[in-house]
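Below you'll find only one chain, the form predicted on its own, shown as structure tokens.
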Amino acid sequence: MLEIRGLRVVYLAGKRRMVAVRNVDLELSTGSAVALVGESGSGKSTIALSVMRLIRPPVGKIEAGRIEFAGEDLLTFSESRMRDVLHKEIGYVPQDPAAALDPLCTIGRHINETLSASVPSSERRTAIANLLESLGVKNARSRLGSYPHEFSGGMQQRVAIAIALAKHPKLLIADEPTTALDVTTQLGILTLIDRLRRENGISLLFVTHDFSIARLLCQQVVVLYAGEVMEKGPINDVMTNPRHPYTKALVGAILREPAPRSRLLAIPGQPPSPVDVRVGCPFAPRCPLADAKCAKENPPLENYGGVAAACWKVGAKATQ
């Protein structure tokens, strides 16, 4: 369904070029779900926006690579053909629906604009109401004339999902869609996305910084750091036996049932700036296993028992 090869993306600030994504590969099969996991600034959202061809000058540029969707490279499409793909085949659920929804546009109009053209005009209002009802919006028909601010955060997110699904997409991209919601509402939204993916055979590209959320929804995971793939593979395998020190640190930072007054684990240091000239492994300055080789040579992504990792120290243990 979706295959990315050698993706390189830069952001432009005057004469400066900030490399946000470097040589990223990933695969997403039909009906499956892949999570992009990493800290803020790791390149997750940049990859998602690149799939939709929304990185463009003067803000940024896709410098290299291929993004194949249903066997065709999206980077070769004309503007009009790409708009057609976005309108019919790729749905997007934003992180902040309050900012994404037009405050002057009713809920019904929002969804009507993306509803499949195959729905007759006489049936569109009923189709929109039925879609919202299926997403848990009660009395949906009477609320089609409401505006976004008249909905709660959870209901706004359901509207955003309805907009994405109204076109019956083949691919759904969800960019941290529950970040601004309370825990109970988060679980409801995540369960809803998972159910819709399974029922409709939709492929899901899910962006998150939280491994525990990714595990609820996805079968595969791509761990990103400073715009590069550190590790990727089946999510249960990666979380149970992480090969890369960065993945181990992310898994170790998950909130579990802690002992009283116990401290959460944290990764020391800061990610590198995208404007820095980079030599060696990008995680080396923060890695407890790093040595001189790590500082000088960037390791290739290699397979270790079904999981790929980019690390010279796979299997090694930190010394205290």
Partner chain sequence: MVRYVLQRLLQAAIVLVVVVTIVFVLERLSGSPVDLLVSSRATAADITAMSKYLGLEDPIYVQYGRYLLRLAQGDFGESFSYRAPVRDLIVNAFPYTAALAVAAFIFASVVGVTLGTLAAVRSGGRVDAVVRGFGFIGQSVPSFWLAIIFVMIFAVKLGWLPAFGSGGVDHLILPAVALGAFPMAAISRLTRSATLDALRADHMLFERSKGVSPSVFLSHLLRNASLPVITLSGIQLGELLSGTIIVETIFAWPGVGQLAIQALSTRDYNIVQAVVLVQTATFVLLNLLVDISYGWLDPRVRT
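Source: prediction; values computed, not measured. Positions refer to the first chain, counted from 1.
Absent from the display: the form predicted in complex with its partner chain. The rest refers to it.
Student: Its partner chain isn't shown here, but in the model of the complex which of Ile163, Ile202, Leu250, Ile193 has a heavy atom within 4.5 Å of it?
Tutor: Exactly one residue meets the criterion: Ile163.
Student: Of Met239, Leu86, Ala127, Val137, which one comes within 4.5 Å of its partner chain in the model of the complex, counting heavy atoms only?
Tutor: For this set of options, the contacting one is Leu86.
Student: Within 4.5 Å of its partner chain in the model of the complex, do Val19, Glu68 and Leu74 each have at least one heavy atom?
Tutor: No, because Val19, Glu68 and Leu74 lack any heavy atom that approaches its partner chain to within 4.5 Å in the model of the complex.
Student: Does any heavy atom of Asp102 come within 4.5 Å of a heavy atom of its partner chain in the model of the complex?
Tutor: Contact with its partner chain, yes.
Student: With the cut-off set at 4.5 Å between non-hydrogen atoms, does Arg141 touch its partner chain in the model of the complex?
Tutor: Taking the distances in the model of the complex, the answer for Arg141 is no, it never comes within 4.5 Å of its partner chain.
Student: Residue-level contact is defined here as any heavy atom of the residue lying within 4.5 Å of its partner chain in the model of the complex; does Arg109 satisfy this criterion?
Tutor: Yes - in the model of the complex, heavy atoms of Arg109 and its partner chain come within 4.5 Å of each other.
Student: According to a 4.5 angstroms non-hydrogen atom cut-off, is Arg56 in contact with its partner chain in the model of the complex?
Tutor: Contact with its partner chain, yes.
Student: To test your reading of this chain, name the stretch in 110 to 118, 127 to 135, 224 to 232, 209 to 217 whose heavy atoms come within 4.5 Å of its partner chain in the model of the complex.
Tutor: It is 110 to 118 that comes within 4.5 Å of the partner.
Student: Sequence order please: the residues of 114 to 151 with a heavy atom within 4.5 Å of its partner chain in the model of the complex.
Tutor: Residues within 4.5 Å: Thr114, Tyr147, His149, Glu150.
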